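We begin with a single chain expressed as C-alpha coordinates, specifically the form predicted on its own.
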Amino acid sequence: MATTNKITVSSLQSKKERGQKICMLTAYDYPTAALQDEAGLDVILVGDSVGTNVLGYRGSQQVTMDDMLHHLRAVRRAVRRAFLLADLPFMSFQPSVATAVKNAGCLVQEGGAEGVKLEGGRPVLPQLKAIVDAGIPVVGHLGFTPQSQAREFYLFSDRRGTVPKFHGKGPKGAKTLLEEALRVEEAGAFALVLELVTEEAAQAVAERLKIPVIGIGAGRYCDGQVLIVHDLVGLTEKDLMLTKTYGQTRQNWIEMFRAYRREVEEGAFPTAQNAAHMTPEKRAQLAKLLN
(Lines give C-alpha, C1' and ligand atoms only; values in the text may rest on other atoms or scores of the structure.)
Protein backbone atom coordinates (compact mmCIF):
# COMPACT_ATOMS: atom_id res chain seq x y z
CA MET A 1 0.00 0.00 0.00
CA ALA A 2 1.39 3.39 -1.00
CA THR A 3 2.26 5.81 1.77
CA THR A 4 1.41 9.49 1.61
CA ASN A 5 4.84 10.49 2.95
CA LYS A 6 7.02 12.52 0.58
CA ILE A 7 9.67 10.37 -1.05
CA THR A 8 13.21 11.60 -0.45
CA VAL A 9 16.77 10.38 -0.93
CA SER A 10 16.68 9.16 2.68
CA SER A 11 13.43 7.24 2.28
CA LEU A 12 14.73 5.55 -0.90
CA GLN A 13 17.88 4.49 0.98
CA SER A 14 15.67 3.19 3.78
CA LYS A 15 13.71 1.06 1.29
CA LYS A 16 16.96 -0.54 0.13
CA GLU A 17 18.00 -1.29 3.72
CA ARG A 18 14.60 -2.81 4.54
CA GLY A 19 14.52 -4.89 1.35
CA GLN A 20 11.54 -3.00 -0.08
CA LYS A 21 11.47 -2.59 -3.86
CA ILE A 22 11.60 0.87 -5.43
CA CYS A 23 9.19 1.65 -8.30
CA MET A 24 10.22 4.19 -10.94
CA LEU A 25 8.53 5.21 -14.22
CA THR A 26 9.15 7.85 -16.84
CA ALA A 27 6.69 10.69 -17.38
CA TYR A 28 6.85 13.59 -19.81
CA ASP A 29 3.59 15.50 -19.24
CA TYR A 30 1.24 16.75 -16.52
CA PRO A 31 -1.63 14.21 -16.77
CA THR A 32 0.64 11.16 -16.89
CA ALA A 33 2.69 12.39 -13.95
CA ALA A 34 -0.45 13.18 -11.93
CA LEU A 35 -1.74 9.63 -12.43
CA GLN A 36 1.63 8.10 -11.52
CA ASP A 37 1.86 10.22 -8.38
CA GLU A 38 -1.65 9.19 -7.37
CA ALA A 39 -0.76 5.54 -8.02
CA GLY A 40 2.06 5.78 -5.47
CA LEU A 41 5.18 5.57 -7.65
CA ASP A 42 8.37 6.21 -5.67
CA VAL A 43 10.32 7.99 -8.40
CA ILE A 44 9.09 9.77 -11.51
CA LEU A 45 11.82 10.22 -14.12
CA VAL A 46 11.66 12.87 -16.81
CA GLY A 47 14.01 10.95 -19.06
CA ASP A 48 15.76 11.97 -22.25
CA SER A 49 13.69 9.14 -23.71
CA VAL A 50 11.21 11.99 -24.25
CA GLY A 51 13.07 12.44 -27.54
CA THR A 52 12.04 9.15 -29.14
CA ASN A 53 8.75 8.62 -27.28
CA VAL A 54 7.22 12.09 -27.49
CA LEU A 55 9.21 14.40 -29.77
CA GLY A 56 9.82 12.02 -32.67
CA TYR A 57 13.61 12.34 -32.56
CA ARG A 58 15.79 9.59 -33.99
CA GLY A 59 17.60 9.17 -30.68
CA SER A 60 18.32 10.68 -27.31
CA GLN A 61 21.36 12.59 -28.61
CA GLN A 62 19.01 15.14 -30.17
CA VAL A 63 17.39 16.06 -26.85
CA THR A 64 18.36 19.52 -25.56
CA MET A 65 18.23 21.24 -22.20
CA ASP A 66 15.30 23.31 -23.49
CA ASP A 67 13.43 20.09 -24.31
CA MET A 68 14.12 18.70 -20.86
CA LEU A 69 13.08 21.87 -19.06
CA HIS A 70 9.83 22.16 -21.01
CA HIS A 71 8.70 18.64 -20.07
CA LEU A 72 10.18 18.74 -16.58
CA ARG A 73 8.17 21.83 -15.69
CA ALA A 74 4.96 20.15 -16.84
CA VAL A 75 5.66 17.08 -14.73
CA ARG A 76 6.71 19.22 -11.75
CA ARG A 77 3.24 20.80 -11.65
CA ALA A 78 1.70 17.37 -11.12
CA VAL A 79 4.07 15.69 -8.67
CA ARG A 80 3.40 16.00 -4.95
CA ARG A 81 4.61 12.79 -3.32
CA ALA A 82 7.09 11.05 -5.65
CA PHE A 83 10.77 11.95 -5.94
CA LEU A 84 11.19 13.89 -9.18
CA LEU A 85 14.30 12.90 -11.13
CA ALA A 86 15.49 14.40 -14.44
CA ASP A 87 18.03 13.24 -17.00
CA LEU A 88 20.95 15.43 -17.93
CA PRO A 89 20.76 15.24 -21.74
CA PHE A 90 23.60 14.59 -24.17
CA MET A 91 26.38 17.21 -24.07
CA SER A 92 24.86 18.96 -21.05
CA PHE A 93 27.48 17.44 -18.75
CA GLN A 94 30.20 15.77 -20.85
CA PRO A 95 32.15 18.90 -21.94
CA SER A 96 33.30 20.05 -18.48
CA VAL A 97 32.67 20.00 -14.76
CA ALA A 98 31.47 23.61 -14.85
CA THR A 99 28.97 22.83 -17.63
CA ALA A 100 27.68 19.82 -15.73
CA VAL A 101 27.13 21.72 -12.49
CA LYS A 102 25.47 24.63 -14.28
CA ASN A 103 23.02 22.42 -16.18
CA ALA A 104 22.26 20.22 -13.19
CA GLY A 105 21.50 23.38 -11.24
CA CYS A 106 19.26 24.57 -14.05
CA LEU A 107 17.18 21.38 -13.93
CA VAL A 108 16.74 21.83 -10.20
CA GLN A 109 16.31 25.61 -10.00
CA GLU A 110 14.32 26.25 -13.18
CA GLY A 111 12.69 22.86 -13.74
CA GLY A 112 11.96 21.77 -10.19
CA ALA A 113 13.85 18.47 -10.27
CA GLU A 114 14.84 16.99 -6.91
CA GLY A 115 17.74 15.09 -8.40
CA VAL A 116 19.49 14.48 -11.72
CA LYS A 117 20.67 11.36 -13.55
CA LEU A 118 23.71 11.17 -15.77
CA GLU A 119 25.06 8.37 -17.92
CA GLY A 120 28.54 6.91 -17.81
CA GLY A 121 31.28 5.77 -15.51
CA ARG A 122 34.89 6.77 -15.09
CA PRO A 123 35.02 9.58 -17.71
CA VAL A 124 32.22 11.54 -16.00
CA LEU A 125 33.03 10.84 -12.34
CA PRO A 126 34.49 14.35 -11.84
CA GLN A 127 31.21 15.84 -13.09
CA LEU A 128 29.16 13.53 -10.88
CA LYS A 129 31.20 14.40 -7.79
CA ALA A 130 31.05 18.14 -8.50
CA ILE A 131 27.26 18.06 -8.88
CA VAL A 132 26.96 16.20 -5.58
CA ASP A 133 29.34 18.69 -3.94
CA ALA A 134 27.04 21.48 -5.19
CA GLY A 135 24.25 19.93 -3.13
CA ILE A 136 22.32 18.19 -5.90
CA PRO A 137 21.41 14.48 -5.51
CA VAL A 138 22.71 12.37 -8.42
CA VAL A 139 21.72 8.99 -9.85
CA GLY A 140 24.33 7.18 -11.94
CA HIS A 141 23.59 5.08 -15.03
CA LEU A 142 25.73 2.13 -16.22
CA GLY A 143 25.39 -0.78 -18.60
CA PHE A 144 23.82 0.28 -21.87
CA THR A 145 23.85 4.07 -22.03
CA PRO A 146 21.49 5.29 -24.79
CA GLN A 147 23.23 8.64 -25.22
CA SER A 148 26.35 6.89 -26.47
CA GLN A 149 26.41 5.80 -30.11
CA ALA A 150 29.83 4.19 -29.77
CA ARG A 151 30.31 1.00 -31.75
CA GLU A 152 31.08 -1.10 -28.67
CA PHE A 153 27.56 -0.55 -27.33
CA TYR A 154 25.81 -2.27 -30.25
CA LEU A 155 25.64 -5.59 -32.09
CA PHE A 156 24.38 -6.39 -35.58
CA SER A 157 22.64 -9.54 -36.77
CA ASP A 158 20.82 -10.33 -40.02
CA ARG A 159 17.74 -11.34 -38.04
CA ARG A 160 17.39 -8.38 -35.67
CA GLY A 161 19.51 -5.67 -37.27
CA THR A 162 21.46 -3.33 -35.00
CA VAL A 163 20.55 -3.85 -31.34
CA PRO A 164 21.99 -2.65 -28.01
CA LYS A 165 24.61 -4.90 -26.46
CA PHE A 166 24.07 -6.62 -23.11
CA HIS A 167 26.60 -5.93 -20.38
CA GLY A 168 28.08 -8.31 -17.85
CA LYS A 169 27.68 -11.41 -20.03
CA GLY A 170 30.86 -12.98 -18.70
CA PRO A 171 32.81 -13.01 -15.42
CA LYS A 172 35.32 -10.39 -16.57
CA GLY A 173 32.62 -8.05 -17.86
CA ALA A 174 30.58 -8.46 -14.68
CA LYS A 175 33.62 -7.68 -12.51
CA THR A 176 34.41 -4.58 -14.59
CA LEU A 177 30.81 -3.42 -14.25
CA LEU A 178 30.93 -3.90 -10.48
CA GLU A 179 34.17 -1.94 -10.22
CA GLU A 180 32.65 0.91 -12.21
CA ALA A 181 29.51 0.84 -10.05
CA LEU A 182 31.60 1.09 -6.89
CA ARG A 183 33.35 4.15 -8.33
CA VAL A 184 30.00 5.77 -9.06
CA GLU A 185 28.91 5.10 -5.49
CA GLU A 186 32.18 6.46 -4.11
CA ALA A 187 31.79 9.63 -6.20
CA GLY A 188 28.58 10.35 -4.30
CA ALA A 189 25.66 8.98 -6.33
CA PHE A 190 22.66 8.16 -4.12
CA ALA A 191 21.37 5.49 -6.54
CA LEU A 192 22.38 3.70 -9.72
CA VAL A 193 20.43 2.62 -12.79
CA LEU A 194 21.63 -0.53 -14.58
CA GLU A 195 20.33 -0.94 -18.14
CA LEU A 196 20.57 -4.11 -20.23
CA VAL A 197 22.74 -6.02 -17.78
CA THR A 198 22.64 -9.76 -17.17
CA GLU A 199 20.71 -10.72 -14.08
CA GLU A 200 23.74 -12.29 -12.44
CA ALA A 201 25.94 -9.22 -12.94
CA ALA A 202 23.15 -6.91 -11.73
CA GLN A 203 22.65 -9.07 -8.63
CA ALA A 204 26.36 -8.87 -7.83
CA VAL A 205 26.22 -5.07 -8.07
CA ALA A 206 23.02 -4.73 -6.02
CA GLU A 207 24.38 -6.96 -3.27
CA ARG A 208 27.67 -5.08 -2.96
CA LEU A 209 26.54 -1.47 -3.28
CA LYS A 210 25.12 0.33 -0.26
CA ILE A 211 22.99 2.61 -2.47
CA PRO A 212 19.82 1.47 -4.29
CA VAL A 213 20.33 -0.19 -7.68
CA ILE A 214 17.44 0.25 -10.11
CA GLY A 215 17.19 -2.08 -13.08
CA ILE A 216 15.80 -1.74 -16.58
CA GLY A 217 16.35 -4.98 -18.40
CA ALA A 218 18.58 -6.11 -15.55
CA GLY A 219 16.60 -8.89 -13.93
CA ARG A 220 14.93 -9.67 -10.63
CA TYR A 221 17.54 -8.88 -8.02
CA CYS A 222 17.90 -5.11 -8.30
CA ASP A 223 16.54 -2.93 -5.50
CA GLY A 224 13.90 -1.54 -7.83
CA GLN A 225 12.74 -1.26 -11.42
CA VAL A 226 12.22 1.49 -13.97
CA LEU A 227 10.28 1.30 -17.24
CA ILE A 228 9.40 3.73 -19.99
CA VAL A 229 5.72 4.54 -19.55
CA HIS A 230 4.92 4.16 -23.27
CA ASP A 231 6.25 0.59 -23.19
CA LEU A 232 4.33 -0.22 -20.01
CA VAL A 233 0.94 0.89 -21.37
CA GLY A 234 1.48 -0.63 -24.81
CA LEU A 235 1.64 2.58 -26.85
CA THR A 236 4.81 1.57 -28.69
CA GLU A 237 4.98 -0.85 -31.60
CA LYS A 238 8.06 -2.56 -30.17
CA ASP A 239 7.76 -5.98 -28.56
CA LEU A 240 10.51 -5.90 -25.95
CA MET A 241 11.41 -9.08 -24.07
CA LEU A 242 12.99 -7.19 -21.18
CA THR A 243 10.06 -4.93 -20.40
CA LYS A 244 6.45 -5.79 -19.61
CA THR A 245 3.34 -4.41 -21.25
CA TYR A 246 0.50 -4.05 -18.76
CA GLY A 247 -2.06 -3.08 -21.40
CA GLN A 248 -2.50 -2.82 -25.17
CA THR A 249 -3.63 0.78 -25.30
CA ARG A 250 -2.03 1.51 -28.67
CA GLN A 251 -4.69 -0.48 -30.53
CA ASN A 252 -7.39 0.96 -28.28
CA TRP A 253 -6.29 4.49 -29.15
CA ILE A 254 -6.26 3.69 -32.87
CA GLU A 255 -9.79 2.25 -32.66
CA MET A 256 -11.04 5.29 -30.75
CA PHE A 257 -9.50 7.64 -33.31
CA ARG A 258 -11.08 5.61 -36.15
CA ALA A 259 -14.48 5.66 -34.44
CA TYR A 260 -14.25 9.43 -34.03
CA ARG A 261 -13.29 9.87 -37.70
CA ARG A 262 -16.19 7.69 -38.84
CA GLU A 263 -18.75 9.54 -36.71
CA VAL A 264 -17.57 12.93 -37.93
CA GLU A 265 -17.63 11.79 -41.57
CA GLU A 266 -21.11 10.27 -41.16
CA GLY A 267 -22.51 13.22 -39.22
CA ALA A 268 -23.10 11.11 -36.11
CA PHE A 269 -20.93 13.43 -34.01
CA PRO A 270 -21.68 15.94 -32.70
CA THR A 271 -25.34 15.37 -31.81
CA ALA A 272 -27.77 17.94 -30.40
CA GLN A 273 -26.69 16.81 -26.94
CA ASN A 274 -23.09 17.81 -27.70
CA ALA A 275 -24.03 21.45 -28.44
CA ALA A 276 -25.20 24.51 -26.51
CA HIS A 277 -28.56 25.98 -27.56
CA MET A 278 -30.43 29.27 -27.49
CA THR A 279 -33.79 29.49 -25.77
CA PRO A 280 -36.79 29.41 -28.15
CA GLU A 281 -37.33 33.14 -27.57
CA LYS A 282 -33.76 34.00 -28.54
CA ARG A 283 -33.93 31.74 -31.59
CA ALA A 284 -37.01 33.65 -32.69
CA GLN A 285 -35.21 36.96 -32.15
CA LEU A 286 -32.22 35.70 -34.18
CA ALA A 287 -34.56 34.65 -37.01
CA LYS A 288 -36.00 38.18 -37.14
CA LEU A 289 -32.52 39.74 -37.20
CA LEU A 290 -31.46 37.54 -40.09
CA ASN A 291 -34.55 38.20 -42.23
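Worth saying up front: this structure is predicted, and the values here are computed from it rather than measured. Note that residue numbering follows the sequence shown and begins at 1.
We do not show the form predicted in complex with a small molecule, though everything after this point is about it.
In plain terms, the part of the chain that comes close to the small molecule in the predicted bound form, with a heavy atom within 4.5 Å, is 42 to 50 out of 29 to 37, 246 to 254, 42 to 50, 260 to 268. This chain is displayed alone, yet in the predicted bound form one of 177, 209, 106, 216 has a heavy atom within 4.5 Å of the small molecule; that residue is 216. Within 4.5 Å of any heavy atom of the small molecule in the predicted bound form lies no heavy atom of residue 222. Shown alone here, residue 65 lies farther than 4.5 Å from the small molecule in the predicted bound form, counting heavy atoms only. Contact check for residue 195: a heavy atom falls within 4.5 Å of the small molecule in the predicted bound form. Looking at residue 141, you'd find a heavy atom of it within 4.5 angstroms of the small molecule in the predicted bound form.
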